[in-house]
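Before any questions on how it binds or moves, here is one chain, the form predicted on its own, in structure tokens.
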Amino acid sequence: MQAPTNFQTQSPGDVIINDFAFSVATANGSGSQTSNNVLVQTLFNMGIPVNGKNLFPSNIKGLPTWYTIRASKDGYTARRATTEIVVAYNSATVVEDVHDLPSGGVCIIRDDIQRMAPQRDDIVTYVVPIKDLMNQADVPSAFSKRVENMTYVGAVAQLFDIPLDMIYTSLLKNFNGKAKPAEMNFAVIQLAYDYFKENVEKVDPYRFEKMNGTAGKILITGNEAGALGAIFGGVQVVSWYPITPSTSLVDGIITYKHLRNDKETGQSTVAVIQAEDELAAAGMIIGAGFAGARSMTATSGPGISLMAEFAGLAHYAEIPCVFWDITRMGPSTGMPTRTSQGDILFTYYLGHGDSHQFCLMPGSPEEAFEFGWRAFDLAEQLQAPIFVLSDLDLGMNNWMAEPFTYPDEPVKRGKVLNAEQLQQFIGEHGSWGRYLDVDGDGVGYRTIPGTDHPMAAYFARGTGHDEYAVYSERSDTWLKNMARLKHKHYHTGRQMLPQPIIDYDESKSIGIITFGTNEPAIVEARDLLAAQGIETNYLRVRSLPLAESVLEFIKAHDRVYVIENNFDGQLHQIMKVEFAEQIANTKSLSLGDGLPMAARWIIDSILEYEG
């Protein structure tokens, strides 16, 4: 855990309600995820805006893991760089966990590791007699270790005023309504709660109180939202090879695919195939896309690199399909369970030669849902692979979200000709060619295998081909084809893809550009910068290629900061390529440390230049 940098100041006697953060330090595999989920769900049910972010190790059971929970009465949901409270339950990290607490912080520590902690007079320490509590608990020995983390749930509930009945409701939800495991866990919570109530004097200033900050909202992960979006969008074929952090997206599709069962037969309309590797997974969805099915895969950096050759084939053969890249920290295996936005450049140009891919960049569960279904429409309208660039933070952590909007617009299949339409096309144009651009938008008309017309069949070629899908190595034919693809990319696609979200006031001279999950941190940073007299405008990119409004936004400001969660400032590099010398007033601010973006770093970085 990094050193604290933004601990809020308070005066003696102040009570701090619903505006603090705490971290839970445990050993990986100790069952703490249930305890943490119950706390987050309960705070959400109390109406308190909250987020929970899991910082877990990638390799083996037993290594340190942290879970950070932030409550914000003002509705801020970004990760806090500093937590005022730590639940120190891991002997391997107790020294740094206690050391990192700011002065005035609170440590809740198990008694069997208390002696290992640094002695500090400037923090409040509460000790959990974990062995005594577990000896009192009526828990089978096989479950004892799994439920002992519930002792800190009881301690937190009593110290910071979380109603026990609401804790129990969250437990029931976590166990899908099964009373037996919920009651076993709740018994431990109750023991710890009663111990603290009877034996411990509260001397810290932190409290939770019910409020009305989550009414009408839901708690959901981005991967679950994306899975629902794909189901809503009519996905028919899913092929993937498991890899963190994308696996739960396909798990979500498996969970919800019954929603698309055929009404008459009850049979599933969604085929989910675990391939032998990522290369095979990509090949399967391209084949399914060629056959007219709505197909997708989900992977992460190492997987997307294996899919590069097939991605180039889908691009050049112009086959609709959808790739989700839930980005994690690279290069190589890097830190595979830490978040990152470091696959932008690689994915945007995925494929050898002059490949350019269409990318969608969701910044919230709502957009993960929307892009989940919209990606299929765009793939068929543009006859191209669509890449959805999410990340581990959005994909695997719980986020507050508005209920999803189910649009009533019809499914868009793009330029697909049935036999009758094909005959009409030939009558109007004299012939039909798969890559014939009669509309000037770079997109040809396609048929689907099985179309009952003698002219319907064609070869989908990754090799050189002319407008009629006939093999060709003629230079003039090649150049004409590439020019059409580029026109489709930079003109048709640029206008069709989701446009940026812009907050603009012409009186402000400083702009901020970002994408994806940095938004909550930037929302908070802009408010705090404004409080210091630095007003900013804001643009969030939602797709590649970059919209023309991005350049207009840049030109409208004296200075523009491009903020992203990777090491090299990859979005800024794409801006340099697409807008060349027109962006001299931009400054790249990129941080690739494996953690979700925090407002404090943005503020400090901008103040360094603005003074």
Partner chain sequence: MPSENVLGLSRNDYKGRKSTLCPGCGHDSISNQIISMAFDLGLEQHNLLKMSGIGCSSKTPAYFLGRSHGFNALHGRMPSVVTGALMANRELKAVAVSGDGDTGSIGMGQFKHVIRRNIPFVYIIENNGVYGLTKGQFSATADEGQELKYYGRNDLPAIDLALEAIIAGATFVARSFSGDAKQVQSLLQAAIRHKGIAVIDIISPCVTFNNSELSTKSYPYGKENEIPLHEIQVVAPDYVEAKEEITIGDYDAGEIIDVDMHDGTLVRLKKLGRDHDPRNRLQALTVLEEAQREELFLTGLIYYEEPRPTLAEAENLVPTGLVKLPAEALRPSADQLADVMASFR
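Residue numbers count along the first chain shown, from 1. All values reported here derive from a predicted model rather than from experimental measurement.
If you look for the form predicted in complex with the partner chain, you will not find it shown, but the lines that follow are about it.
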(request) With heavy atoms only and a cut-off of 4.5 Å, decide whether residue 233 touches the partner chain in the predicted bound form. (result) yes
(message) Is residue 531 near the partner chain? Define near as a heavy atom within 4.5 Å, in the predicted bound form.
(response) no
(message) So, residue 266 and the partner chain: in the predicted bound form, are they within 4.5 Å at any heavy atom pair?
(response) yes
(request) Could you confirm whether residue 206 comes within 4.5 Å of the partner chain in the predicted bound form, counting heavy atoms only? (result) no
(message) To test your reading of this chain, name the stretch in 102 to 110, 308 to 316, 175 to 183, 134 to 142 whose heavy atoms come within 4.5 Å of the partner chain in the predicted bound form.
(response) 308 to 316
(message) Please tell me which of 73, 540, 217, 415 lies within 4.5 Å of the partner chain in the predicted bound form, judged by heavy atoms.
(response) 217
(message) Looking at 187, 273, 127, 124 here, can you tell me which has any non-hydrogen atom within 4.5 angstroms of the partner chain in the predicted bound form?
(response) 273
(request) Would you mind checking 68 to 87 for residues with a heavy atom within 4.5 Å of the partner chain in the predicted bound form? (result) none
